[in-house]
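We begin with a single chain expressed as structure tokens, specifically the form predicted alone.
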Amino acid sequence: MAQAPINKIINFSSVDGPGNRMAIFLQTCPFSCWYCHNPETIKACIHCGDCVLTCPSDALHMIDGKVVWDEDKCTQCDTCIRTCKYSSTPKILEMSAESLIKRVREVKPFIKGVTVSGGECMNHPDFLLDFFTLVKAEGLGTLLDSNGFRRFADYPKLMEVCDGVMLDVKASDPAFHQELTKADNSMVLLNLEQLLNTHKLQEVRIVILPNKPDENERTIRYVASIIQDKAPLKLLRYRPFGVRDEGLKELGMGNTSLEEMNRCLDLAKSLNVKDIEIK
């Protein structure tokens, strides 16, 4: 079975889909968003060794030219993440679907399903197919939290065992999306329509940015024109916690104002979006 780099496992989450769920975060992402709250998931470790020198608990070692993490010694102080200059972390577990499903079974009586996020989960589609097949066999739900950079229709077997996708739409304008994420958004917008048409769109998420009212409005209008009253919309308030220096420079240290959040909420309502949530 395929393996994937696991960044984090949260046994019980109430914010990663409906009900109590296990949330699993995979390493690596093709986007590099200004406001990324977990930028240490963007790149794979290049094994430079800088973090080994700063680890206060002796949980990191260079072995055969690679950084090796000792999970038992780790105190989760995140000194290694603060040390890393490459948007990565050495605290990664390479796991197969078979080994990960054992972790799921430990909490199965207490969860409704599993959500796989990132980084970007669709960087590892073969692993997702193996893992979701096992999860469905356990009678649990399966969701993806994705930026939509890959065409989901190209993975029909995966979509058969996936209940739905929580799709992040960063921006509708191609030029601003490129500035915001360092990536193209044409596939994201294509996925928005295709997921809706195949009843796999769990929800759409838009981060409402401070000092970018025109971009916020443009994205909401575009998304609303597609989903109308057929899918939930979640408006996420920008908060600067964990954001990289580039993001802080572009968006500032303050939260998006409540006035802008309410303006965007009213706009979405006026565009026939019925199921809207602000976070």
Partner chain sequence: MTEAYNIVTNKTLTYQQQVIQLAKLGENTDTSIYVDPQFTKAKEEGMICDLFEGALPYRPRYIVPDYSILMKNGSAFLELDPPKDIWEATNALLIMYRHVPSVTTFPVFLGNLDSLLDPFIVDEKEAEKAIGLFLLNIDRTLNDSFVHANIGPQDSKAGRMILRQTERLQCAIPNLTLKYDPELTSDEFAALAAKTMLVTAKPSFANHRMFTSEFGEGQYALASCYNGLRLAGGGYTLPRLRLNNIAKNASSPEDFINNVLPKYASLMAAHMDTRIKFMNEEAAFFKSSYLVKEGFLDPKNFVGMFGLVGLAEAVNTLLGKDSKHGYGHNKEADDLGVKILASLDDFLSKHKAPYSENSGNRYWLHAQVGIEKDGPDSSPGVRIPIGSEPEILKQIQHSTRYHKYFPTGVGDIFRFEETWIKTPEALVDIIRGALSSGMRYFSGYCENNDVVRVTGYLVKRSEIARLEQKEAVKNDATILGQGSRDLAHAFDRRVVK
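Residue numbers count along the first chain shown, from 1. What you see is a predicted model; the values in this text were computed from it and never measured.
The same protein also exists as the form predicted in complex with the partner chain; that form is not shown, yet it is the one meant from here on.
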* Counting only non-hydrogen atoms and a 4.5 angstroms cut-off, does Val107 reach the partner chain in the model of the complex? -> yes
* To do: Considering only heavy atoms, tell me if Lys112 and the partner chain come within 4.5 Å of each other in the model of the complex.
  => yes
* Wondering, does Ile278 line up within 4.5 Å of the partner chain in the model of the complex on heavy atoms? -> yes
* Does Asn262 make contact with the partner chain in the model of the complex, using a 4.5 Å heavy atom cut-off? -> no
* To do: Please name which of the stretches 143 to 151, 159 to 167, 82 to 90, 99 to 107 has residues with heavy atoms lying within 4.5 Å of the partner chain in the model of the complex.
  => 99 to 107
* To do: Pull the contact list for 56 to 71: residues with a heavy atom within 4.5 Å of the partner chain in the model of the complex, in sequence order.
  => none
